[in-house]
Structure formats: C-alpha cells, structure tokens
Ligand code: C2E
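So this first bit is one chain, no partners, the form predicted alone, shown in structure tokens.
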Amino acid sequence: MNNIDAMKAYYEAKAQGRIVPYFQPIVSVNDHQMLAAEVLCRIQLPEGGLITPDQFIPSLEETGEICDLDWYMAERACQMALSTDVECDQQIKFSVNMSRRHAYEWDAAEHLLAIADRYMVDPERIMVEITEGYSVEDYLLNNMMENLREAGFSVALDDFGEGYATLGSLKEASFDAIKIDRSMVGGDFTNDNSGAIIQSIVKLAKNLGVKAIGEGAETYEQLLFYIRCGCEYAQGNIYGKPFSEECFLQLLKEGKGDGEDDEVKIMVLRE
C-alpha cells in the first residue's frame, strides 16, 4: 500500500468509525500471568479484514496525523480500562504508544491525564510506550517523559535495539520498562551475539530496577531464548495474536485465550 492509498484508507476509516483497538498481552514468562496489554491500532475494512499499522503509521508520522491517532487510541484504552473494571472486576494495566512528536506539545502529560480522569482511570494503570528513535540528548522528549511520570504514568522505551537508543541511554533516562525489539529474536537469533546482547540489556535493566520485555515471541524457541537470557516478560503471538475488544473481555472473564490462536494459556492476574 503506497502513501496515498494508506492516507485515503485512514481518513475514510476515521470518518466512518472503523479505526479500532486490538489488545495484545504482555506476560510474565515464569507464571504466564498478564502484566499489561498493549493497545494496537487496526483499520477495519468495510468488506471485512484489517489493515495493520505498518501499512499506514509511517505516513501518519510524516504528516503529523499520528498525534491525533495516539490520543484516540489512549481514549479507547481508558474506555477498555473502565470496561474491565465494570464487566470483569479486573484492574488491568494498558500500554499505549506515543510518538516523539508529542514532545513538541507543551501539555502532552496534562492531555493524557485529562483523558484518564474522564474515565476515572488511575494513571498507574497506563504505561506510555515512546516510539521511534530515542536519544538521551533529546531535551524535549526527556522533559515529556518526566512530566508523564510525575503525573503518575509509567514510561517504556519501545523497540530497544532497533533505533538510536544505547545501553548508556538507559542510565541517563527514567524508564519503567524497556521493550527489546523483535529483531533481536529474528533470523539466526540463537547465535552467541544475540544472546550476549539480550543478556546485557536484561542485566542492566534489572540493576536499574527496570522491567525488560521481550517483543516478537512468536514461537516456543523464541520464548525459551528470552527465558534463557533472563528476560522475565514477553509479548508475542505465542500468547495469542492481538485480541479484539470482545475477545479480550472474554479472555479476562474466562482467564484464558480465545482458542486456536493461543499457544500458551494466559493466567489473568487478579488483584
């Protein structure tokens, strides 16, 4: 899908209410309990089927439209947080993506706090994933992250290992979690270099009191590799493909996934 087609599909979906959230669990590898669920955007096609973010997010980043989408998805996350309270009696934590473009908005933290307040959601139940390349020298982005944490939200560095962030940057910035990029367990991920890098990331994260979350756990081999490297949390299709709102609520009510999509049973963390 080229940029023009992607933007056309996005605007049509936005006007027709076909931009929908999907939810993918972030799970403890030790006991398979859900730590949180990442809120992922999908475009629902009129004839059925879905358009995934990789086909339209790059275009939205270029135009700046990504900020409006982030706020919309944050609102849907808070709506789901309220639904899980009422329908499932569950205090589930949700992870939402925020582009670094929000760093140029002086009131980004206040805006997110206002959304959470509207749905009576404790900010502690929202984790913000900072997307795109992170640099420790990015003053505006660091300031936004500090404001988010002061407002009660937790902050995660997304796709670590893919962009500009380095191990040294973790010492300088205040993150509550880092998400190890799926590329680290792609290709020949069993080689010594991949294992050594992941182990270094996990070790530093633990020393800093930061959660390390391995992304892209699609197979048992990838999940076991993360476990051997000391990673305590993982996210990927091994625990089920992203769930629709209906299926996610059913997951919480039953404490398990929706059937054939699940490789590993998820135990819902009951607080």
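Heads up: residue numbers just count along the shown sequence, starting at 1. Source: prediction; values computed, not measured.
Note that the form predicted together with the named molecule isn't included here; everything after this is about it.
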So the named molecule isn't shown here. In the model of the complex, which residue out of Glu129, Glu75, Asp85, Asp176 has a non-hydrogen atom within 4.5 Å of it?
Glu129
Sort through Ile66, Ala36, Leu223, Ala205 and report the residue having a heavy atom within 4.5 Å of the named molecule in the model of the complex.
Ile66
All of Ser194, Ile198 and Gly230 with a heavy atom within 4.5 Å of the named molecule in the model of the complex
no
Is Ser99 one of the residues lying within 4.5 Å of the named molecule in the model of the complex, judged by heavy atom distances?
yes
With the partner left out of view, is Asp54 within 4.5 angstroms of the named molecule in the model of the complex by any non-hydrogen atom?
yes
The named molecule contact in the model of the complex: Ile213, any heavy atom under 4.5 Å
no
I'd like to check something about Cys41: if you look in the model of the complex, is any of its heavy atoms closer than or equal to 4.5 Å to a heavy atom of the named molecule?
yes
Among the candidate stretches 139-147, 105-113, 153-161, 86-94, which one is within 4.5 Å of the named molecule in the model of the complex when only heavy atoms are counted?
153-161
